[in-house]
Ligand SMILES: C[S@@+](CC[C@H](N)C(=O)[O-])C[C@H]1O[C@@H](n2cnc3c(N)ncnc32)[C@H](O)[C@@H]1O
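In structure tokens, the next block holds one chain alone, the form predicted on its own.
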Amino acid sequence: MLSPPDAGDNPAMLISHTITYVKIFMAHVVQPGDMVVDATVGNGIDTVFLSQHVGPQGRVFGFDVQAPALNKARKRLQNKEAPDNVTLIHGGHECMAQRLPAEIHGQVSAVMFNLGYLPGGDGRIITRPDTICAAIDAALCLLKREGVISLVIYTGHPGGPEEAEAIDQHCSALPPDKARVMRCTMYNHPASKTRLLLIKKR
């Protein structure tokens, strides 16, 4: 099974907001020099996180269907003085396996998804069940053995519950010899409509 990360001197950090937890977890998955994917660039927050963790010798590939999102991510990377290790791709995450070089298939350490809509953008443009399920399969093709996919899933917006249900059905059907899947959520917190799915390639 997926083991929780070591929180050092503050194990209480492991019981935290979903976004905080996924950062703690993925910080232990992603290592300097790794190749990783930000499957939903958005405003570039995860892109910066990944860029800083893989360092100058690593590579980050970021996907988004909205050009304004990529522009915001570029500015954030510059403002945070992130390493020059990011390739931003204007396209859907369901096409990541086709868009990335064949030689890195099976070499990616982590793929991060943050679903829903672009904060501050057009709320009508959201991630969809059909494309996200295809993207999960594509991400599994890219991952190396023991690589991890993280999905932050929101159910509080129109279309969110349907997407979450589709992801649950899709991931519960993954062969256990191919991947292990863990779901986390906060039950007694305003963020209870946000859940985290972690998939580890076997």
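For clarity, every value in this text was computed on a predicted model and none was experimentally measured. Residues carry their position along the shown sequence, with the first being 1.
Omitted here: the form predicted together with the ligand. The next part is about that form.
- Heavy atoms within 4.5 Å of the ligand in the predicted bound form are found in one stretch of 141 to 149, 29 to 37, 165 to 173, 63 to 71, which is 63 to 71.
- Among residues of the shown chain, L50 is not one whose heavy atoms approach the ligand to within 4.5 Å in the predicted bound form.
- With a 4.5 Å cutoff on heavy atoms, L115 counts as touching the ligand in the predicted bound form.
- The closest non-hydrogen atom of A97 lies beyond 4.5 Å of the ligand in the predicted bound form.
- Among heavy atoms of G91, some come within 4.5 Å of the ligand in the predicted bound form.
- Along 42 to 63, these residues reach a heavy atom to within 4.5 Å of the ligand in the predicted bound form: G42, N43, G44, I45, D46, F63.
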